[in-house]
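Shown below, as structure tokens, is a lone chain in the form predicted alone; questions about how it binds or moves come after it.
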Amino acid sequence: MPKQQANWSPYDNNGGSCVAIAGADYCVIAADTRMSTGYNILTRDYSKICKLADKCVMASSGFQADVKALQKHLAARHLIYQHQHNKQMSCPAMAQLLSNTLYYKRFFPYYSFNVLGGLDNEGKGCVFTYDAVGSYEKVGYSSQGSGSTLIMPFLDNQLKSPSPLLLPVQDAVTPLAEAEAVDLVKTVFASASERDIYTGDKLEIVVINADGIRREYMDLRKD
């Protein structure tokens, strides 16, 4: 008789999808609110979006316990930065901090897949996309999570960024107006929730512009 043993993993994947789109003077970050494990829904109303600074927001999918630990760590580091520099961290600085934080845990990683969005020092939208161990890239749009394989081709088709190999370097921000970007995000999530069982229930959209941060919600399918 083959030897049977119980396998235990320190990780889980709680599913869900995140999207971020950078515009000329805005950034849209969105995520669904379903949190699952296997075929069970743990809650239908869990926000995956975390405000890190006045002009910087992070959306995370993956293992939500690790995500929560990561958010707490970043909040503590940001508080230290504010005491030392008497100002908030810029979005590109927060992007580098997040990369460093993930990379120093690379041998026992935070199992979180993040997109970071906000406004840079010039007031232009910026989006940074990550893997679990801190490798990151500044892009015009990105998606992470269980529905990203469905969402990314859709965004590529609608927003195709110029190749980073083209010279002179082209700007990555999307040509869409803010309202059009929000409508596009609603469309991709409605589409993804039809095929991905881990994406659904409700869509939370955060829009960052010169006026501040605004939130919108839209219902997705509940089954």
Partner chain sequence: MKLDTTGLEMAAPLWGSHSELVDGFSAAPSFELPITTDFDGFQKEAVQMVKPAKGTTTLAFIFKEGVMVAADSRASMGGYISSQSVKKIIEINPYMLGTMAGGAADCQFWHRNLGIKCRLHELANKRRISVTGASKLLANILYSYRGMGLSVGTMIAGWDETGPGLYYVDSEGGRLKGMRFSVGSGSPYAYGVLDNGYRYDMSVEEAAELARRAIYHATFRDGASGGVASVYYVGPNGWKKLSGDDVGELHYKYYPVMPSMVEQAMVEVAGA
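Positions refer to the first chain, counted from 1. Predicted, not measured: the structure shown is a model, and the values here were computed from it. Only the largest set of C-alpha atoms that superpose within 1.5 Å between the two forms is called the rigid core.
From this point on, the text means the form predicted in complex with its partner chain, which you will not see here.
Contact of Ala179 with its partner chain in the predicted bound form (heavy atom, 4.5 Å) | Outside the cut-off, so no.
Check: Looking in the predicted bound form, any heavy atom of Asn40 within 4.5 Å of its partner chain?
Finding: Taking the distances in the predicted bound form, the answer for Asn40 is no, it never comes within 4.5 Å of its partner chain.
Discussion item. Using a 4.5 angstroms cut-off on non-hydrogen atoms, would Ala132 count as touching its partner chain in the predicted bound form?
Written reply: Yes, Ala132 sits close enough to its partner chain in the predicted bound form that at least one of its heavy atoms falls within 4.5 Å.
Check: Using 4.5 Å between non-hydrogen atoms, is Ser90 touching its partner chain in the predicted bound form?
Finding: Judged by the heavy-atom cut-off of 4.5 Å, Ser90 is well away from its partner chain in the predicted bound form.
Requested in this report: Given that the partner is absent here, state which listed stretch (164-172, 50-58, 189-197, 22-30) has heavy atoms within 4.5 Å of its partner chain in the predicted bound form.
Outcome: Looking at the partner contacts, the answer comes out as 164-172.
Exercise. Which residues from 75-104 come close to its partner chain in the predicted bound form, meaning a heavy atom within 4.5 Å?
Worked result: Contacts from 75-104: Arg77, Gln96, Asn100, Tyr103, Tyr104.
>> If the two forms are fitted on the core, does Leu165 show a Cα displacement reaching 2 angstroms between the shown form and the other one?
In response: Leu165: C-alpha displaced by 2 Å or more between the shown form and the other one.
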